[in-house]
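Before any questions on how it binds or moves, here is one chain, the form predicted on its own, in C-alpha cells.
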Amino acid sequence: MDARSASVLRSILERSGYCTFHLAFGDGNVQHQKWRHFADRLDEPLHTLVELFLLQRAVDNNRAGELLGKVLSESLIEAGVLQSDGAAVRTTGLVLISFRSLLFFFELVLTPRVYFGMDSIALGLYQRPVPSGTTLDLCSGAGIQAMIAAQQARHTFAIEIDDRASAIARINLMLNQLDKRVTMINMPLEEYAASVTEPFDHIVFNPPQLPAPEGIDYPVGNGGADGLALTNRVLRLYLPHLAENGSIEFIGRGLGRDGNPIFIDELGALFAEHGVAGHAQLIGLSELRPGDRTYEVLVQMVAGTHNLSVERSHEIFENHFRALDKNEMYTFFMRGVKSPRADADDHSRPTVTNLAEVGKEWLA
C-alpha cells in the first residue's frame, strides 16, 4: 500500500463520519456490542465502512468496489488488510479505530500479532513526548506509541520483531501522514541495540508483561516468570543509549507481597546503575489467589490454550506464585530521567505514587 492509497482511504473515512461514529463510544474504544447495536441505523457509505472495518463482516465485492474504488481495494488486498473469496471481501482479522486523533489498524483476534489493548491506551495517555528530540519506540506493535511521539519529536524510530506487525504499522504511519517522521525497523531488540550509534532523548515501550509459570505460554503477553523478563532485558540493552536528561517511559506488571511492590527496588537498581532517577505510579492491583478477577483470567486462558482442566491450571499458578513468594500483582507506569553527573550512589529507591486498588488494572 502506498501513500496515495492511504490518503484516499483516509479521505473516504473522514467524509463518511467513520471516526466520529467510533469516538462516540470512547477514545480508543473496542465496544463491539455498541458498534453492532448501532450499525443498522447508519446510512451509506458509513454503514458499509463500519461493517467492513469495525465489525469484520464480509461485504459484497461490488458494494466494496463502489465505495473504495478498484485501485484502493486491490491495494488493501495486496497489503494484507483485506482478503477476497471472489464474491466478498473482509479484513484479515483487522479493525480500524481512532485513538488520540490517530487512525490505525490492529488485529482483533484471539492471538493477535498486531496488538492494541488497555495497556496501550494507558501508555498512550501517560506518555510525555519530547519536542524536537529523537524518540525510540520498542516492541512497537501497531505503532501507536511511535505515532504519538512523532507528533512532537524531530524523528522517531520504531522497532518491532514481528513482520506482520511491522507491515501493518507502516500502513498506519501512511494513514496518519507520519511515514516521513517515523522509521519502522523490523528487527530483534538485541540486534538493533548493537547497531545504535547515537543516544535517544526519549525511549518508550510496552512489553509483554503477564507472569508465566515454567512451560506455560500465552497467546499474547508472555513476560516470563515474574512478568518483567523482557522489561529487564530492554532496560539493560537501552539505558546505556539514553541521552543526558533523556527520559524513558514504560508500562507493565510487577509482583509484590503483602502491600509491598517489591519489583520497584529491582527496576530501581537497573535505573541507578545507569544514572537514571525514577518515579513509578501504581495503577492497579490484583491478588494472586482464586477468586481475583485477573488471576482467574490467567487461569482460564492457560486452561484453554494448553488443554488443561481449570483445577490443574489453578494448581500450576498457585505453585508458581508460592515458589516466588509473591501474592500480589501491580500494574504500573514508570518514568526515568538520566541525570548527567549522577552515579549509582546518587539514587535512592524510585519515588512511588500508589493509586492501586484491588480489582482495578488500568487507570486510563
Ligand SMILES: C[S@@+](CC[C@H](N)C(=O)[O-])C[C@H]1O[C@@H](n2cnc3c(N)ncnc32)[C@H](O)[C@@H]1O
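Computed from a predicted model, the values in this text were never measured in an experiment. Throughout, we count residues from 1 along the sequence that is shown.
There is another form of the same protein, the form predicted in complex with this ligand; it is not shown, and what comes next is about it.
Point to revise | Heavy atom within 4.5 Å of this ligand in the model of the complex - the one residue of 178, 285, 159, 167 that qualifies | key: In short, 159.
Point to revise | Of 190, 217, 78, 265, the one that lies within 4.5 Å of this ligand in the model of the complex (heavy atoms) | key: Residue within 4.5 Å of the partner: 190.
Exercise for review: Decide yes or no: are 53, 68 and 73 jointly within 4.5 Å of this ligand in the model of the complex, with each residue judged by its heavy atoms?
Suggested key: Spot residues vs this ligand: no contact at all.
Exercise for review: Considering this ligand in the model of the complex, find the one stretch among 288 to 296, 267 to 275, 144 to 152, 87 to 95 with heavy atoms no farther than 4.5 Å from it.
Suggested key: Stretch with heavy atoms near the partner: 144 to 152.
Check your understanding: Can any non-hydrogen atom of residue 200 be found within 4.5 angstroms of this ligand in the model of the complex?
Key -> No, residue 200 sits far enough from this ligand in the model of the complex that none of its heavy atoms falls within 4.5 Å.
Check your understanding: Is residue 255 close enough to this ligand in the model of the complex to count, meaning some heavy atom within 4.5 Å?
Key -> Close contact is absent here: in the model of the complex, residue 255 is far from this ligand, nothing within 4.5 Å, heavy atoms only.
Check your understanding: So in the model of the complex, does any heavy atom of residue 116 sit within 4.5 Å of this ligand?
Key -> Output for residue 116 is yes: heavy atoms within 4.5 Å of this ligand.
Review point. Is there any non-hydrogen atom of residue 135 lying within 4.5 Å of this ligand in the model of the complex?
Key: Answer no; every heavy atom of residue 135 is more than 4.5 Å from this ligand in the model of the complex.
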